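The chain below stands alone and is given as structure tokens, in the form predicted on its own.
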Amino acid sequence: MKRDLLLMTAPVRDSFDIPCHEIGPKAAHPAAAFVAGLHGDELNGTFILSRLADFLNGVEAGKHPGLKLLKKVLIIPAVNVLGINLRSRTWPFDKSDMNRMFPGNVSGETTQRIALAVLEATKKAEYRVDLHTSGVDFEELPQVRLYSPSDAQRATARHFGLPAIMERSISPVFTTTLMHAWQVWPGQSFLLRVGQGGTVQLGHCQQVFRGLVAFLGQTGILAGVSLAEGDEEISHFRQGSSKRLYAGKAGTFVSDCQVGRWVRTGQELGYIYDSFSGNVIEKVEAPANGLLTGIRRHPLLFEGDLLLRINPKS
């Protein structure tokens, strides 16, 4: 069932709503809650969750014989609906970051009221998943991010079947994010990072979509899921394990390397060209053996910009 999570009026135009999907058996709280589109330029997550809602509604309608939804699922594909319409990462009216408004405030600014509505709808779910991408200049390998996790969270994170699990500490910088607001509630919370902002990357989206369906199957929320054996290797990286490489010179960065490749120390991964003469001014080499988990996609860069990230195998 599609319903309005929140309906709000606008100063001079029509009212707008933030829709959500409630799918499966009736229950006081969802077993799993999925959220995307807190940032209006993160289209991969919105596309994945809209496809997941269509798939689960199909399960409920009997379009997928053998599958049965056993518990209620809540899906919010696009929180920053106005930002998506205007291709804006931030909330268009005041340029605020929607993911810095949690836990929200019933008497606060528009974005704080939206944040409160999202938190209230999701906080009692047994499993909570927030989907993000990197910015428009950088591509991330589809991955699960855990913040100061328990052993149970580490085990559950493998149910997504994504190639990388990254651990991070809970930073004071992120105390106003949805992930941080979830941490005080019982249940398990996961952040998925998927590709690059500003576009839909079909390969990444298909991989994460399959991962979410597998997750629902592994957690007993969706019965009848056939789980493939021998899926791609899952690498678990503890906090502080990544090696970052920054540009030594400004110019035009070009690379045909794909995230998800294992590379070796000294391997050529791209070049920085002089933007006017076309001369190669810097050869970009892997700083370590490991998995290429992120790489810059916008070609123009300044000295000191992040070029790539590699996570050595532990």
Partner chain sequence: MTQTTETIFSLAMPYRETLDIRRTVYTGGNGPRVAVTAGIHGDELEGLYVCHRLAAWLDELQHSNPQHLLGQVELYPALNPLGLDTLTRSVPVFDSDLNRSFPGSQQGDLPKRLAAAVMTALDGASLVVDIHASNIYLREIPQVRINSEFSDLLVPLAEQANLDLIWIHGAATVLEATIAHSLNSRNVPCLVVEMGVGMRLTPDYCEQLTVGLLHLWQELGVLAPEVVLPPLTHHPLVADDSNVHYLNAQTSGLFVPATAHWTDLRRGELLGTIVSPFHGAVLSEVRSPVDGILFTLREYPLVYEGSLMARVMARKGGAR
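Residue numbers count along the first chain shown, from 1. Remember, predicted model here, so these are calculated numbers, not experimental data.
One more form of this protein exists, namely the form predicted together with the partner chain; it is left out here, but the text below deals with it.
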Which one, 24-32, 275-283, 50-58, 259-267, holds residues whose non-hydrogen atoms are within 4.5 Å of the partner chain in the predicted bound form?
-> 275-283
If you check Arg158, Arg168, Arg210, Arg113 against the partner chain in the predicted bound form, which one has a heavy atom within 4.5 Å?
-> Arg113
Exactly one of Arg145, Arg89, Lys72, His180 has a non-hydrogen atom within 4.5 Å of the partner chain in the predicted bound form; which residue is it?
-> Arg89
Proximity of Gly108 to the partner chain in the predicted bound form, heavy atoms at 4.5 Å = yes
Spell out, yes or no, whether the shortest heavy atom distance between Val254 and the partner chain in the predicted bound form is within 4.5 Å.
-> no
Check whether Asp17 has any heavy atom within 4.5 Å of a heavy atom of the partner chain in the predicted bound form, and answer yes or no.
-> no
State yes or no: in the predicted bound form, is some non-hydrogen atom of Leu301 no more than 4.5 angstroms from a non-hydrogen atom of the partner chain?
-> yes
Those residues of 81-101 which, in the predicted bound form, come within 4.5 Å of the partner chain by heavy atom = Leu82, Arg89, Trp91, Phe93, Asp94
